[in-house]
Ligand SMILES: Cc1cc2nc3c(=O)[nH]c(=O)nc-3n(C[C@H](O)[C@H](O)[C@H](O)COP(=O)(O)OP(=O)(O)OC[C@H]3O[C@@H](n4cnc5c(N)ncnc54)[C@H](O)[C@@H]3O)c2cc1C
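Single chain ahead, by itself, as structure tokens, in the form predicted on its own.
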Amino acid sequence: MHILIIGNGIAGATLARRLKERGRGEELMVTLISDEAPYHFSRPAMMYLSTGQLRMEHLKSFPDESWDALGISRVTGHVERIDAEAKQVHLSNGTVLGADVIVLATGSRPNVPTGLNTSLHGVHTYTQMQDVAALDDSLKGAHHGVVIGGGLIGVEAAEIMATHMHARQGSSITSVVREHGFYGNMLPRFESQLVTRHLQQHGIGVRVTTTVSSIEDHDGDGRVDHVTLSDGTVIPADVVVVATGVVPRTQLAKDAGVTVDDGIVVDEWFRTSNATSFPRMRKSIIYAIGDCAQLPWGVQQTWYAGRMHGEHLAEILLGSDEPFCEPIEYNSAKFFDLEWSTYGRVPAESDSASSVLLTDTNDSRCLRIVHDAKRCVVGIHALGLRLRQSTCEQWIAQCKPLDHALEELRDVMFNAEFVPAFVGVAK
């Protein structure tokens, strides 16, 4: 059997390696295609490459020689179309590859607002490997940076700019955030404002509840020199990073006749809707995993979900009939040196009626426990604290009562011996 995987991010790479590690040796052929880089790299670590803390070799999750040792074929090229009926993938260089199974692990692309002139030199997105070198080039000698967007990529872009520009006299970095604070569409208001203050303490100017209406070039030399906000404010800018979110890459699937909604629609076995499916065998010609896939409960665009998708689909393709069940959501990030981790469901609208918020005395760190109508724990997250993942997931999986969580609070804190007294507040 030949399995062809389009995309070598964490979902595609995990699938390829798991198939060969657990498969039937030479009876199973695996080909991994990418037009971004000839090797798998850790995308969450791109920022540390841009800040000089890591080198390119540090971003490779697996030794180069391990791919050949496992017998995984790697192809660098752009896939133009998929012929599901003929079981073929056509590359832009004219190469045609046949396969018994085609897996779409095409990831996501930047969601750039319409109407902004992103073609000017100095204007960037930051999701692909080539963005690292392009941004680095624009930051040379730059004094004024603007980040559009207040999500995780926006925070990374602000930190990259700070690393390159803070020592330059007269420099400025401004983040323009549509919501009331950083990551305001994901974090409750208190936590969003905590993160906003933290970035301000690191020298980032923050403009909230506003948007960029235009990116402009007054000098006419093709390079950005300022942005104008929706309230009319003009901000100087030598370099701009547009970090307004990402959306699944679905065009290949759509062109192949596969059902697409927010993402590529799949069932619990990661099967798409292509007409050559075999329902009785739970087999399909085209599957989708990772950022591009839309499961019955939605799109899951995290590194951890991509890895789980790859692991589970490998078992399915090797003969398992077990469906993929909705996992307990998990994510983590750093806002400069402020750590964040989240488990389960912590909606942005969480308030004192649906959760308990615990903070230290100066509101610089916090922990929120979200509960349902029966006061069972459904989500936990923390800023500035390290939590025990196993304990958090156990409480959520076992529907532990809120009172139990509050009584056993120190059990969930990884660094409990260093944590000052926390107080519950209604925020």
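Throughout, we count residues from 1 along the sequence that is shown. Small disclaimer: the values here were computed from a predicted structure and weren't measured.
Unshown form predicted together with the named molecule; subsequent notes refer to it.
- In terms of contact with the named molecule in the predicted bound form, the residue from Q301, S354, S138, Q294 that brings a heavy atom within 4.5 Å is Q301.
- Here the chain stands alone, but in the predicted bound form its contact with the named molecule, taken as any heavy atom within 4.5 Å, falls in 42-50 among 42-50, 58-66, 372-380, 385-393.
- At a distance threshold of 4.5 angstroms between non-hydrogen atoms, R271 is out of contact with the named molecule in the predicted bound form.
- Contact annotation for L252: at least one heavy atom lies within 4.5 Å of the named molecule in the predicted bound form.
- The closest non-hydrogen atom of E191 lies beyond 4.5 Å of the named molecule in the predicted bound form.
- In the predicted bound form, at least one heavy atom of G107 sits within 4.5 Å of the named molecule.
- In sequence order, G77, H78, V79 are the residues of 55-80 having a heavy atom within 4.5 Å of the named molecule in the predicted bound form; the partner itself is omitted from this view.
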